[in-house]
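Consider the single chain below, provided in structure tokens and representing the form predicted on its own.
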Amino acid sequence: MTAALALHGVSKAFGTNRALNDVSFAVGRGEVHALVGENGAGKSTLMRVAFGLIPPDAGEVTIDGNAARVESPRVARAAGVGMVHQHFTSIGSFTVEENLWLAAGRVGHPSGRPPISNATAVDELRAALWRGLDRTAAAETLPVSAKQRLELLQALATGADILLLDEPTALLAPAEIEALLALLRSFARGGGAVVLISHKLSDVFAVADRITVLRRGRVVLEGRRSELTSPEVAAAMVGGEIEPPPAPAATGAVRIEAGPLRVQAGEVVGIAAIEGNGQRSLLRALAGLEPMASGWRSEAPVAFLPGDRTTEGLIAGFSLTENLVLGHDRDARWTRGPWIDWGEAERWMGVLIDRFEIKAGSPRVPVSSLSGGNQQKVLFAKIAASSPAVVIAENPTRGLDFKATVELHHELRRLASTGVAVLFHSPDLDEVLSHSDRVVVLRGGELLPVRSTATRAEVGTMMAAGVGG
């Protein structure tokens, strides 16, 4: 069967970094093909080549069996390819509808290609993504999960029947993930083609027909989902086995209080909540960024890991060292009177690069030159280096691969073992359940304790319906 989209022998280097090395990859119509691997493995680079964002050094792209000179996203869109990027691309001051007109690139209704064989599937996908979105709302006012849905709508704006999706479920609640995966499956059955980049193996095995694993710019595993196992794919991604998480630490004095919520020193507490139930305000209040309710407190110093690193955590044009110093310009490690010893700050950033295995050429490179997952590592390294008493994290593993997610939670556990109180929220319920000493559900602004024996289904019910545990 002719592939809807195929890349043949693609290689790409950025300076001395060989991001792709003779990679071949194809997705057929009626298929969801998952592309997985560690951060920096080359997944996003390969899809950027397919979408015309960067030229390959070698290799070719074919669409429906025909050689294609995909020199720009405009050419890709005209050929029926749509892409959802890991980072939001909408313009904040534009309304939802204005962003869609911009993505469509034409005056008139944002379509133009013949519909795929099952037009109903496309309509269902669009209808589901539109649900709850205000066409007149500015993109910058949308909650994170709604921004993610807008990104998907933008990819469909030109009638795309080949979708390249870079972490589309990273910010969605469990029920939203299940619904989206079902719609992608339906989209493919209708004649579309879907490439799914994901770090969530549960998503991959729930929806993919085929799985390809990249490591260090090469294909190391490819096969049908039915012929592969999750441990086999995980081992191929990281080049070995994953270490088990550290044992929970002993707890100590209460360091976070918010109504019924108590987090002790040495404890990691996870918040399970569907988007829009108040978790953003709760975390920001406890971090000191929004007004705190009477009786609430967080023991200083508090370190906050925001949900969107690109707008709240890091300045993309600054170097890694400059981002480390930003907000910590009085840190004794690199402050000399009224001056900053940039050489010493750079040395410290080098230490953090090694400790957290950040893939960066040097402490002097701009944050924008790093992959999304490595940017997240920079932000976490900055927080871990600030010697906090409390760490509050909003979706801390956004953009991280399977191994890096485990490693980050190991680091949170190590911080807890030194007496730090850790409170985090993730839209991935499995992540919350796997990496917390205790779990609380936040629904409609109300905090609900969860029994230690509660099942995943029971926690999901509490999140959706507020059934006590």
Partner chain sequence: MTAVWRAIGVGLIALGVLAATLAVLGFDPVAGLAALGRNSVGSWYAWSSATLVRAIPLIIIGLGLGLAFRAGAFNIGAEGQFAAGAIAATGTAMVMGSWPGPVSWVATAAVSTVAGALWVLIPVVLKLRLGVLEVISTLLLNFVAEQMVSWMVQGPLQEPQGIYPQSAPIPADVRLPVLAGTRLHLGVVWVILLGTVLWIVIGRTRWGFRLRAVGEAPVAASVAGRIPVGGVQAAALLLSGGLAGLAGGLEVTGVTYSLYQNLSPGYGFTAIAVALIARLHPLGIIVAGVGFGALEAGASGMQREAGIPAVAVNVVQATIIIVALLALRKRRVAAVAEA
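The term rigid core refers to the most C-alpha atoms you can superpose between the two forms while keeping them within 1.5 Å. Numbering follows the first chain given and starts at 1. Just so we're clear, the structure is a prediction, and the values are computed from it rather than from any experiment.
Below: the form predicted in complex with its partner chain, not depicted.
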Option touching its partner chain, based on a heavy atom within 4.5 Å in the predicted bound form, out of 368, 89, 362, 230: 368
Listed residue (265, 177, 160, 340) with a non-hydrogen atom within 4.5 angstroms of its partner chain in the predicted bound form: 340
Partner proximity in the predicted bound form: residue 73 to its partner chain, non-hydrogen atom cutoff 4.5 Å: no
Residue 314, heavy atom within 4.5 angstroms of its partner chain in the predicted bound form: yes
Residue contact check: residue 330 to its partner chain in the predicted bound form, 4.5 Å heavy atom: yes
Touches its partner chain in the predicted bound form: residue 190 (any heavy atom, 4.5 Å): no
Which of 317-325, 252-260, 143-151, 127-135 sits within 4.5 Å of its partner chain in the predicted bound form, heavy atom basis: 317-325
Partner contacts for 282-309, taking its partner chain in the predicted bound form and a 4.5 Å heavy atom cut-off: 284, 287, 288, 289, 302, 304, 306
Residue 72 C-alpha moves between the shown form and the other one by 2 Å or more, core aligned: no
Exceeds or equals 2 Å, Cα of residue 186 between the shown form and the other one, core fit: no
Core-aligned CA displacement of residue 154 at least 2 Å between the shown form and the other one: no
